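For reference, the chain that follows is the form predicted on its own, supplied as structure tokens.
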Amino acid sequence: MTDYDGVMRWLNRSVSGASLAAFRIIFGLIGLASAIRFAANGWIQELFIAPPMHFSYPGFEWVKVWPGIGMYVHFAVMGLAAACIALGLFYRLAAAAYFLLFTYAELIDQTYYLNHYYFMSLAAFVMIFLPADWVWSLDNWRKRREQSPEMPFWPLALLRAQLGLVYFFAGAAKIKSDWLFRAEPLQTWLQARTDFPLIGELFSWPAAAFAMSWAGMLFDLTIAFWLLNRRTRLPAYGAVILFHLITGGLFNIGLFPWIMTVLVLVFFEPDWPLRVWNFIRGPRAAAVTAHGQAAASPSASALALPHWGFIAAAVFLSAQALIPLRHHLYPGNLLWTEEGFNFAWHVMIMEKSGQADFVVRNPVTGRQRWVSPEEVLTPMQARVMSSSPPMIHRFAHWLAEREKQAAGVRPRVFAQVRVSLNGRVSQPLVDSSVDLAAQPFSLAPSRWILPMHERPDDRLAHR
């Protein structure tokens, strides 16, 4: 037997399907809660309908806000798809619909990029191909399919690999001088949270920021390996709960900590939901098979991973391992240029603020006027754009197009931008002599981004 045959046999071994069913239910409930949350907080109107323009991603300029009540319908259908995922009703159709609808909404505006949104898109895409509706689903009732408690191990292996990549690259992103040797941006953030219950007073000590910076890096780099080991799994999960409770309580990072806390349960034995249920029922509950192993069954054999599926999964995971590394193709400080920053699990590693003003100059008359982003953008858009080179570039193009429609002549657009990164004194970000509206959208490095210089007076920004 070759090594490949051994891997395929390991991936296709029969295990309890309870863990995958629990993952499906939890994921669907998270998706449903997210859609309801957007509607209840008025974010559909505020983030999608109200803004006069949106910062499209390169290549996705065609992704637009739906007219009229279209965005409300969009989120309603997305919530319905999430509910169907949780119920296991028309599961594959629901997973495909949720992936397309959620990703479409995510691609409308770079302003709202969050790592957990990206993760939800990836997980939804993966779930289209997983047999997650073979246990505890309405599809079994609808199709009159015999309920089977077993399935192959490969769906759990794929989900574990995806979650492990998220954690590992979040840790790798923290191996930077700012994070490890300046304790930034944690030092800045923690000093503003000295009112935090029980441990807030410790945050005024510089040593606390350094300790948390190093601990955070080591946690992200290694936690997946501790969760994979049966002997260290329970204390590792305790560390997951503690880590995400602290980060979720201290920082405004959305649902990401809570999503990861519940979804990493996929690292436990495949029958963990049954063990929990039997524990709740008491000692008379029927024992489940040790370590989540189950005897082979016809359903598990029918769901075995084919060779083409193994190749497809390998390509997908390889892409997930390469995309976070693409920033190494660009010169300069990643946090300064933000080229290759998104879709790479750069979680909580920068505090960046800027002031941007734009000059719109008519090339025929020479007349020019100043434009402040706050005049035309929402406060959130203006704040995020003012320190992000890719968004500054897109805003310059939008200003030029708007002026062309009004005056019939495409103007030249220049930007004067000063930015502070991780507590440093602000410095120019963009070459103010370059017409940004004339610079094409490209994957090549942007030469109009000025390099960041370390200066002795940067320490003043910490006072």
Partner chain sequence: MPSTISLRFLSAGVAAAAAASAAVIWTTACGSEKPVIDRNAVLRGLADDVIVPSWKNLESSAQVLEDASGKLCAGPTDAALQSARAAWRQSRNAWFEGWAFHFGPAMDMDAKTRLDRSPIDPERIEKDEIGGTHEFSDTYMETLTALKKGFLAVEYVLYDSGQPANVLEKFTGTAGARRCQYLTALAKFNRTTAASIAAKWAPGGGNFANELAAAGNGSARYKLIQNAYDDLMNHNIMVAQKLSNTMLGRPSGLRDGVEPNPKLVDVWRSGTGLDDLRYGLKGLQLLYGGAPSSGAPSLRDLIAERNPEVDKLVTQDFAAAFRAMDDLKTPLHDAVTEDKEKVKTLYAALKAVYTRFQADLASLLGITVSVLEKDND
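Numbering follows the first chain given and starts at 1. From a predicted model like this one, the values you see are computed outputs, not experimental measurements.
Separately, the form predicted together with the partner chain exists; it is not shown, and the next lines address it.
Chemist: Taking the partner chain in the predicted bound form as the reference, which of Gly354, Pro324, Gly171, Pro390 has a non-hydrogen atom within 4.5 Å?
Modeler: Selected option: Gly354.
Chemist: Please pick, from Arg145, Arg367, His307, Arg281, the one residue with any non-hydrogen atom lying within 4.5 angstroms of the partner chain in the predicted bound form.
Modeler: Of Arg145, Arg367, His307, Arg281, the residue with a heavy atom within 4.5 Å of the partner chain in the predicted bound form is Arg367.
Chemist: Taking the shortest heavy atom distance, is Trp141 within 4.5 Å of the partner chain in the predicted bound form?
Modeler: Heavy-atom contact with the partner chain at 4.5 Å: absent for Trp141.
Chemist: Contact with the partner chain in the predicted bound form for Arg193, defined as at least one heavy atom pair within 4.5 Å: yes or no?
Modeler: So Arg193 counts as contacting the partner chain.
Chemist: Taking heavy atoms only, is Thr188 within 4.5 angstroms of the partner chain in the predicted bound form?
Modeler: The answer is yes: Thr188 has a heavy atom within 4.5 Å of the partner chain.
Chemist: Though only this chain appears here, would Ser420 touch the partner chain in the predicted bound form if you measure heavy atom gaps against 4.5 Å?
Modeler: Looking in the predicted bound form, residue contacts with the partner chain include Ser420, since a heavy atom lies within 4.5 Å.
Chemist: Looking at 128-136, 177-185, 316-324, 268-276, which stretch has residues with any non-hydrogen atom within 4.5 Å of the partner chain in the predicted bound form?
Modeler: Correct option: 177-185.
Chemist: Taking Glu374, Arg383 and Val425 as the candidate spot, are all three within 4.5 angstroms of the partner chain in the predicted bound form by heavy atoms?
Modeler: Spot residues vs the partner chain: full contact, yes.
Chemist: Suppose contact means any heavy atom within 4.5 Å; which members of 53-91 contact the partner chain in the predicted bound form?
Modeler: The stretch 53-91, when checked against the partner chain in the predicted bound form, contributes no residue at the 4.5 Å heavy-atom cut-off.
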